[in-house]
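Here you get one chain, nothing else, as structure tokens; it is the form predicted on its own.
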């Protein structure tokens, strides 16, 4: 495999023809689209990702195009298709790239049951991964983006892929999703040029994405051992504080945040049980990113 290293015009041509084939973590993805904004943002966010050969196996065949009919021309919409199946309603065309990100999340979460898949951001430093499970709005993506801006390796912004056998975490680094106030925070905190254009009026409010570091993409073939579990909660004016979470409570909370815990059954329970037995768990309340990162660094 080789890095994408294509000009935007070449990316647009591949997207319109047989599809652009990318290796994204452990997944081979083929994307086809006639939409200009999809080509532009794929070039911006996925320019460092390796391509796969035309005859290689593909996990997910994805298309994002305008639906037929009036919505192709008047207030145009975009629709997501996975192997010919359309699991979502159309969205406004300016949300097409966000739809690709959300749709790829759905593809992974509904098919990749060789992993326990937990709704969590994951970063790593010095060979240890920290899992940040959290409900939407808890601040995990903002904290993840801040840590990555300070040199931590990005394994995932959205989901931890945990091997039930040895508990290793398989990286799937992708653009980090930011919402509402987090967009301005990260533009001021990190490198503004890494944050893409915001899109308003989505089901999540205003959204934008931050480009993953090239180094995290290069090391996406290296599984990492989990070291800690941290449940983050953003709270205005709160001092940063880590509080130990009892293992039984951590087990319940991880299970609640796992997409396929019920599908894996006993294996899912055993995986979570072993994970919380190995990894100390903490609650983290924070309002200031620098002080939160200092608390996390102190763990290592």
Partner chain sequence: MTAESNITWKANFPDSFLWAEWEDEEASVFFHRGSGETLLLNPLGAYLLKTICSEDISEEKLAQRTVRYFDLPVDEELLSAISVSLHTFEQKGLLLSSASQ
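Positions refer to the first chain, counted from 1. On a predicted model such as this, the values are computed, not experimentally measured, just so you know.
Below, we turn to the form predicted together with its partner chain, even though it does not appear here.
Stretch 259-267 is the answer when you ask which of 35-43, 228-236, 259-267, 51-59 has residues with heavy atoms within 4.5 Å of its partner chain in the predicted bound form. Screening 276, 15, 289, 22 for any heavy atom within 4.5 Å of its partner chain in the predicted bound form leaves a single hit, 276. Its partner chain is not shown here, and in the predicted bound form it never comes within 4.5 Å of any heavy atom of residue 243. Although its partner chain is not shown here, in the predicted bound form the stretch 235-257 places heavy atoms of 246, 247, 248, 249, 251, 252 within 4.5 Å of it, in sequence order.
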